[in-house]
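One chain comes next, on its own, written out as structure tokens in the form predicted on its own.
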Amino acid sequence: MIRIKRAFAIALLSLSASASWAADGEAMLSSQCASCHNLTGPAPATLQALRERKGPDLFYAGNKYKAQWMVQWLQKPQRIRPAGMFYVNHVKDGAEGDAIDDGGLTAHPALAAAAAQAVTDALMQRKARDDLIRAGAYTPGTLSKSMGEMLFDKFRGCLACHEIEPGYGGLSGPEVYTAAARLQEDYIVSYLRDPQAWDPKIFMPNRHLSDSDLQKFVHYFRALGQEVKP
């Protein structure tokens, strides 16, 4: 009985600590993150609002990101979109076409480990658009890197906007070689099925992918995560 009471007390302390961290994280989100990130929704409804977006919307972060990746990234942030949130704001003419204008891009501040965990805990509670997520939509499987690249580039043309390894691919969209570590698989399936359901004015095209291709895309991202190191 004493052991049971002790275990119960430890569990209560753990829950209390988690709630405290989340509360601290909420305070940090409000004071430090709200100027660049949409924490409450909805997504931009006009092209002007899309162009002015400084960072990704976070009001559905708990349905989108993997907590372990978020904690690590907040401590050592690296740009995921080579040309920033809105491509045309941060490019200039180069010798071989568009080149990134680094002068207009700012680095994301790094957080200490405890702060990164607190912010992540708060973000994971933001689960707007649950209606778009189907638990278990992704079925784990495998796809060779070569077949995945053929689907990604030759058949669907995604390489024009996304890097599949550092320095190789398009600059306007987020890199995909970290997608498997960064994003929840069920979210990837949902987003690829209908990008505009999540972000009405986003330039990401709806390719009307079959269920089979949706699975293959996630298989490919997972393969990239194993073979390509950011």
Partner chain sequence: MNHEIIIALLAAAAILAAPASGKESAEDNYTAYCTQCHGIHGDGKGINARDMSVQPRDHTDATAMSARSDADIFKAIKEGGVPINKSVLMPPWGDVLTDEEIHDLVRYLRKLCQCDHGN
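Positions refer to the first chain, counted from 1. Nothing here was measured: the structure is a model prediction, and the numbers come from that model.
Another form exists, predicted in complex with its partner chain; not displayed. Remarks below refer to it.
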task: Using a 4.5 Å heavy atom cut-off, state whether K145 contacts its partner chain in the predicted complex.
output: no
query: Should P56 be counted as a contact of its partner chain in the predicted complex, where contact means heavy atoms within 4.5 Å?
result: no
G97 within 4.5 Å of its partner chain in the predicted complex, heavy atoms: yes
message: Is S30 near its partner chain? Define near as a heavy atom within 4.5 Å, in the predicted complex.
response: no
query: Taking the partner as it appears in the predicted complex, which of 115-123, 72-80, 131-139, 153-161 has residues with heavy atoms within 4.5 Å of its partner chain?
result: 153-161
Option touching its partner chain, based on a heavy atom within 4.5 Å in the predicted complex, out of A67, L39, L47, C36: L47
query: If we check its partner chain in the predicted complex, which of the residues in 160-184 reach within 4.5 angstroms of it by a non-hydrogen atom?
result: A160, C161, E163, G167, Y168, G169, G170, L171, S172
